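The chain below stands alone and is given in structure tokens; this is the form predicted alone.
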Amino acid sequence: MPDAPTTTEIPEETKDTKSRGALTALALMGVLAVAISWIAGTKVEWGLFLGPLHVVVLHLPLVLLLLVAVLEVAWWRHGGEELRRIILWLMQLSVASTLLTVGLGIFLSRQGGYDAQLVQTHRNYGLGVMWISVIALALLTWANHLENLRLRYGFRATLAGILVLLVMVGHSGGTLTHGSQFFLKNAPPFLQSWLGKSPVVLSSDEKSRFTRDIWPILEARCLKCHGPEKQKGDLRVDNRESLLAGGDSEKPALVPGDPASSLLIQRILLAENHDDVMPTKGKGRVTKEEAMKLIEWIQDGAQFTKATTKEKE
């Protein structure tokens, strides 16, 4: 019978021991959540070293929380003391992995090279998931301890909210990593308009050399790391002034009329295993044909003849 209390007899001493263990775990999670929220406003010496591990663990809480949701539906339909304990254990593991993921994400955000507003939005979503997960664990722990069905309903509502918030976290994280057009660049125009996105704003000269030959290369090979949302090395390739000024290297990425002095060309022509090659290893190599188009474009003055990506309002 759905949501019926278990009929399995459990020794009172064993039940008390498990309840104390669950409450202790909950208290520890709460303390860690407070610590991570505090870390968000401070600097930690090893933070920059640990930050990249965020991308290794970020999918773990998502999978665990989805599994908790599936098992909770199964328990609602069929009940069972063993399944109830498994759900509590998995929820504890989900919250622990969420704490780890959010903490590492905060460290990663301090490496720079990302749009500050997007980073703040993504971090707020992550902290929201973390705290709501702790609340959900508290509701589940006390629901089991008191065998209170209303607390169980509260846990389910909170879990549903977490799953919705995870979509927002994933979208903002994907935008940071791959750019705002990663999800929408192949979407129908009506969907892009409905979502308030305009991938490319074309000038009247859509048949220009830049539009036809150069921009597609920059968009495919460079924009993910050097665009409006993410500026590795403080460089944007969708902005001519930024290319002319150069980034952290203090060398111009673009020298009109002189491809050999343009850092853009120097980096794409490096050996594939070189530390400074662009795009970085694993992100797609600029082909010989594409390199020649870029060289010829720079040789001829490197004109931007169309507006590229929209600036964020």
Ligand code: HEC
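Just count from 1 along the sequence shown to find any residue number. The structure presented is a predicted model; accordingly, all values stated were derived computationally and were not measured. If you superpose the two forms and keep the largest set of C-alpha atoms that fall within 1.5 Å, you have the rigid core.
What comes next is about the form predicted in complex with heme C, which is not displayed.
Residues with any non-hydrogen atom within 4.5 angstroms of heme C in the model of the complex fall in just one of 231-239, 161-169, 67-75, 138-146: 231-239. When contacts are judged by a 4.5 Å heavy atom cut-off, Gly246 counts as touching heme C in the model of the complex. Not displayed here, heme C is kept clear of His122 by more than 4.5 Å at the level of heavy atoms in the model of the complex. Although the partner is absent from this view, Arg267 contacts heme C in the model of the complex, with a non-hydrogen atom inside 4.5 angstroms. Within 4.5 Å of any heavy atom of heme C in the model of the complex lies no heavy atom of Pro259. Listed residues Met29, Ala40, Val286, Leu62 were compared with heme C in the model of the complex; Val286 is the one with a heavy atom within 4.5 Å. Taking heme C as it sits in the model of the complex, the stretch 263-279 comes within 4.5 angstroms of it through a non-hydrogen atom at Leu263, Leu264, Arg267, Ile268, Asp276, Met278, Pro279. Once the cores line up, the CA of Ile217 ends up 2 angstroms or more apart between this form and the one not shown.
Residue displacement note: Leu243 has its CA displaced by at least 2 Å between this form and the one not shown (rigid core superposed).
Here's the thing about Val169 and Cys222: their CA atoms end up at least 3 Å farther apart in the model of the complex than they are in this form.
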